[in-house]
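Listed next as structure tokens is one chain, alone, in the form predicted alone.
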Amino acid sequence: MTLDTRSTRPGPTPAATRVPTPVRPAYKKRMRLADTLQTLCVTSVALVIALFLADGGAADFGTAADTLTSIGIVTGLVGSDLLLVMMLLAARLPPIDRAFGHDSAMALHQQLGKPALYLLLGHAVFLIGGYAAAENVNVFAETWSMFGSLPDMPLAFLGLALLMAVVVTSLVVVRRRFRYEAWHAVHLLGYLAVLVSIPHQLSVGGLLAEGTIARYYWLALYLGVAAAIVTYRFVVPIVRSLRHRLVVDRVERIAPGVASLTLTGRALNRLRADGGQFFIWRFWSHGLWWQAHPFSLSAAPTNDSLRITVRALGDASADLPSVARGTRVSFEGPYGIFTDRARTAPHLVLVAAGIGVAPIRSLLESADFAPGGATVLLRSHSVGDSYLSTEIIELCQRRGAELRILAGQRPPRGGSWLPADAAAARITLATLVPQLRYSDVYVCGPRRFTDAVVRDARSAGLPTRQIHYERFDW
């Protein structure tokens, strides 16, 4: 293991980093917002069940047929509600981003996919079974009858099939076989699945009959979610892109296949972006305009410039270092809570590998800490492999942060993020950073690396609120 400490190493750890301080007010505010949003989510599920009970649903369990039908109605209501919650989590609403961050919101979005699908499958199975039992026919005859007698039912089955396609392609083992653009196109079918399922909800059964409170509430839910998606996925990004007029000002190649792009525009301070956040960028040039790319800031934002550092990891990103000066850029964001505002502890530990150094570098530049209050750990195969290392060394020297470049091959077995000799010597994050207990740890890099560092931090007893990470995959 190579420990490169070319930055000025600080003296003894300040007393402020040895004594835990109260949790920052900003963190408490974020937790209150998160609790409020979670309460609203649970309340929405409780309300749809209450609508069923208020319509006399509790009395509809007298026979086997009624029981199956009632279970089918409840599973459909709850499944549809969870589907709307999933869509809100992916709509990039500012309150959700401030409370949970984009990474956690999308993780929850994925976790809800299977339960929502299972509930909606149960909705179809139980309803068909209940109707078949009531009419004393088999389920195949009942299904055929529903197709013939209920004009909106084919759309309902189409919506269920589309939803199944979305969930299946979201599984990691399946997703890795798709190009991102193909996977994203399939994922957009989720919106169509919801849209085509609405007619049968309003025309079949009496719970959502015309003129009832339940019908107005249900329509308000759908319209509210649609308005949120249109506003924050389309309207806000278009307005911001037109207002700030971003263009490519400079492209600097910093390593083979790696380049920093400086983008200039107007009144960028109005975006309220922080070091460590990311945007979704669209470069309006030949071969690039139809693709959107999520890249983190690699420098603290200024009033007239933003900078990203890009590594060629795919066909599209490989073309970005060649983008022409003056190319127009549209964007969505900023997103994420990988920022100093998420801090809860006095000391700061920044850990990066590969292109994950980009948000770490911008966070190092903008974070609030006193000399001696931050430690930067860069992981690489060799000392010269660390991107932006010259800039980080200069920043550490200027701000009084300790820098360590941990170079070497990973051990052939085991889940250590450290070089083989360090892992053999039982070196851990806690031994590298004596102040770890009183630190917020920010980790960015490939998934396996990030997971290993997070495990190391948790094994040292660090609470979840003091661990922050960004992953570079989809």
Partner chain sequence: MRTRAVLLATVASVSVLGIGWQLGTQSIEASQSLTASGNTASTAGTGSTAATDAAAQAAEAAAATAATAQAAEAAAVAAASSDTAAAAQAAADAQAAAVVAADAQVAADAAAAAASSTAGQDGTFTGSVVGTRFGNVQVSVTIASGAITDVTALQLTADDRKSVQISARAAPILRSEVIAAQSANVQNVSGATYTTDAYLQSLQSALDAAGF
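Positions refer to the first chain, counted from 1. Please read all numbers here as calculations on a predicted model, not as lab measurements.
Form predicted in complex with its partner chain: not shown, discussed below.
Contact here is defined as any heavy atom lying within 4.5 Å of its partner chain in the predicted complex, and by that definition each of Ala46, Gly56 and Gly206 is a contact residue.
Contact with its partner chain in the predicted complex, judged as any non-hydrogen atom within 4.5 angstroms, is confined among 445-453, 409-417, 32-40, 429-437 to 32-40. When contacts are judged by a 4.5 Å heavy atom cut-off, Pro95 does not count as touching its partner chain in the predicted complex. Taking non-hydrogen atoms only, Leu150 approaches its partner chain to within 4.5 angstroms in the predicted complex. At a distance threshold of 4.5 angstroms between non-hydrogen atoms, Asp421 is out of contact with its partner chain in the predicted complex.
Within 4.5 Å of some heavy atom of its partner chain in the predicted complex lies at least one heavy atom of Tyr131. Checked against its partner chain in the predicted complex, the candidates Met106, Ala318, Leu202, Ala370 yield a single residue with a heavy atom inside 4.5 Å, and that residue is Leu202.
Proximity to its partner chain in the predicted complex, taken as a non-hydrogen atom within 4.5 angstroms, holds for one residue of Ala50, Ala64, Ala425, Ala26, which is Ala50.
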